[in-house]
Ligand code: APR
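Encoded as structure tokens, the following chain is the form predicted on its own, with no partner shown.
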Amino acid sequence: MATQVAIIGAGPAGLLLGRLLANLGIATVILEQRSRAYVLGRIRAGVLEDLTRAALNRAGVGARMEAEGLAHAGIEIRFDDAAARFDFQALVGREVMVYGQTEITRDLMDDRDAAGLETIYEAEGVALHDFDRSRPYVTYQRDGVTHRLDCDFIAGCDGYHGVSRASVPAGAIETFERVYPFGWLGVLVDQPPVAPELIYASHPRGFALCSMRSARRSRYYVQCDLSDTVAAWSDARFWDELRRRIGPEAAEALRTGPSIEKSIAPLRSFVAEPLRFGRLFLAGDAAHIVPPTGAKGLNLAVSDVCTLSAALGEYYTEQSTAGIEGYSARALQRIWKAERFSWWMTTMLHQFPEMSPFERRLQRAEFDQLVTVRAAAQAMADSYTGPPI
């Protein structure tokens, strides 16, 4: 079997890249290690930058997002007993859209099926070959049979633990990482959100976030120790802890119920450089991880594949290699800006082990700067809503 671009991974990055390339007349085959049901069962965030929303609409897969998504013109940040709302429209003239990553994945899967484009699920033992030469290929096993997929390029969109980055020779790649000394305990509940916009709360007991997936389903988080287990957190304990951290008004308005999903996620910052190795490109979580505080993970993946699809389109339509040669440097500029913003949000809002009173005062000073200096609030809003590529 042969195609022009082999895409490894059928998450939103790989699926969107496949749609963008199809719109340019470029053939793709997507290989996914997991089943379709497993991919759709992954719970992920869904705060979309203007860029992401526009990219999905340009790709022709944004209709349900526009009908069901929740446009947010701002966020609330709480620090101890103080609270401030930051109006993105007034500050930078942009907004964000809340629409679950699972729903984006579903929309992209349905679109690919309707277009008759090939996605191979449960592809085991995927291996990448000769991407440092002119004719790379991919091998995989399915139903006990080994298959070969010849291609011009390989796009590694298979996540942090995927085979794509692991296939790069150690001396050809450099990684940068920060592992945070806490996690987020997240609960999904079928209740209306406590507020119409997201609430970020920094409290002496730890960080909390009030988010949502829809007008009827809410997602809440509290900072927890890395040693914590889900079993140690009953629903009652979670709701009590959340109320303590989000302020009396939100605590009073909170509607609770039995959790329909509960999990603990560690936080890390991670970047791999470069993102191109001959005819192999890394995109999405295969290339970078951000802590979820800044809501950048999915948005960075979309930025990557928009840049990569344009570069591959230039190669096929104009016979120019300028785009693919510049892909890594261009993508990394935005990645490092998002890494800085996510690190800053995380550092400002969380309780760190053995934090001194001096450091806590510095966190409060950061919050006060946002509240009192319009330029600081504008910079935060600009990074949160995402400037154009």
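Here the structure is a predicted model, which is why all the values come from computation and not from measurement. Residues carry their position along the shown sequence, with the first being 1.
Here the subject shifts to the form predicted together with the named molecule, a form of this protein not shown in this document.
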- Using heavy atoms only and a 4.5 Å cut-off, decide whether all three of A27, I154 and G313 touch the named molecule in the predicted complex. no
- Message: Under a 4.5 Å heavy atom criterion, is V230 part of the interface with the named molecule in the predicted complex?
- Response: no
- Task: Evaluate A6 for contact with the named molecule in the predicted complex, applying a 4.5 angstroms cut-off between non-hydrogen atoms, and reply yes or no.
- Result: no
- Message: Against the named molecule in the predicted complex, would L17 count as a contact residue? Criterion: heavy atoms within 4.5 Å.
- Response: no
- So in the predicted complex, does V39 come within 4.5 Å of the named molecule, heavy atom to heavy atom? yes
- Contact stretch among 325-333, 348-356, 42-50, 60-68 - heavy atom within 4.5 Å of the named molecule in the predicted complex: 42-50
- Task: May I ask you to choose, among G162, G247, G206, P192, the residue with a heavy atom within 4.5 Å of the named molecule in the predicted complex?
- Result: G162
- Query: So which residues in 1-36, when you check the named molecule in the predicted complex, have a heavy atom no farther than 4.5 Å from it?
  - Reply: I8, G9, A10, G11, P12, A13, G14, L31, E32, Q33, R34
